[in-house]
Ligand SMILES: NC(=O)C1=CN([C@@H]2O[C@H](COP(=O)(O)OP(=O)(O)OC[C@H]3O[C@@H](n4cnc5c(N)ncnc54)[C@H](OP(=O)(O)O)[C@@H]3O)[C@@H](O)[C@H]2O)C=CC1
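Next up is one chain by itself, shown in structure tokens, the form predicted alone.
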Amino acid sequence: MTHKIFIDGAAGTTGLEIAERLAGRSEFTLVTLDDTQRKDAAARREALNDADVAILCLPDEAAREAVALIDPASGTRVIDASSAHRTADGWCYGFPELIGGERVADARRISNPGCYPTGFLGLLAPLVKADLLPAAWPYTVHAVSGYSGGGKALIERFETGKAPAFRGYGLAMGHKHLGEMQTHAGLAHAPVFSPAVVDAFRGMVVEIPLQLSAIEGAGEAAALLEALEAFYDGSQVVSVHPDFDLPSELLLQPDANPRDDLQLFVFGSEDGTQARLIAMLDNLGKGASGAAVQNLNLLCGLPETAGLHLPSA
């Protein structure tokens, strides 16, 4: 069976990377619009309703408008890569490792997780669920990302030498990812989030520092690691690095190749009082396009990792 796919916003970075992962796959036929048609509401409506699956690679408001153009009777299923529907009623949160691949496969409306929340939730949500970390603790999260996730204007700033090597932002608090992080980890408080962009095209490091000695009921670093290993056991996408194989440094390379996996680390102090939970991922991979293709595979009853850029076993 061939599935018709329409990528609304195909000219953007996420859309282009999704198309690259689908190229040459006989299971899919891409519905395409030329430059003029992409700006025509009638042409977009027709494409959206003609597709078996529409993947929205759009700003939030445009994504909401695209959903409104879809006739419920058309049968079109949706994967939204924007942040418009990540905590919305009636939408499935497209993180199959956390919610179960069956739920994604059965959904009609899927909201792709954000890149930063993918790292944060991949680390914290299983540990809160296992009662090894409390839901009521005021967590902090520090993260750096490649500049490709910031849109055309930011990409141009970095690639024309008009941006610094490090760009900290979100200083006024209230980042749009906070609701997603809090909701899907089941937290009582939104975390304090410190995002930054570095001079690398792709890649991301997300860290949750923990003063374990101050957190009542917190598990030891070894217990946190063991719980993550058990939670992701058998996953082809998420890997948990054992404590005997922890690197001495974590690097984002400016010329890194695309990859669609998520790597998790637990670093613990010798005295057991502190830990650093760290996730590494490609912000355009498991943080965006790779996750969309993974969810698309599940929707279409195909092997979950087909077309993904994953490290060799």
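Don't overthink the numbering: it's just position in the shown sequence, from 1. Note that this is a predicted model, so its numbers are computed, not measured.
One more form of this protein, predicted together with the named molecule, exists but is not displayed; see below.
Worksheet item: With the named molecule left out of view, which of 55, 277, 262, 284 would have a heavy atom within 4.5 Å of it in the predicted bound form?
Response: In short, 284.
Worksheet entry | Options 81 to 89, 211 to 219, 96 to 104, 122 to 130; stretch whose heavy atom lies within 4.5 Å of the named molecule in the predicted bound form | Answer to the contact question: 81 to 89.
Item to complete: Decide whether residue 76 counts as a contact residue for the named molecule in the predicted bound form under a heavy atom distance cut-off of 4.5 Å.
Response: No, no contact at 4.5 Å.
Worksheet item: Taking the shortest heavy atom distance, is residue 11 within 4.5 Å of the named molecule in the predicted bound form?
Response: Flag for residue 11 set to yes.
Fill in: Contact test in the predicted bound form: residue 266 vs the named molecule, heavy atoms, 4.5 Å
The answer is no: residue 266 has no heavy atom within 4.5 Å of the named molecule.
Item to complete: Give a yes/no on whether residue 115 approaches the named molecule to within 4.5 Å in the predicted bound form, heavy atoms considered.
Response: Yes.
Worksheet entry | Stretch 158 to 180 - residues with a heavy atom within 4.5 Å of the named molecule in the predicted bound form | Heavy-atom contacts within 4.5 Å come from 176 alone.
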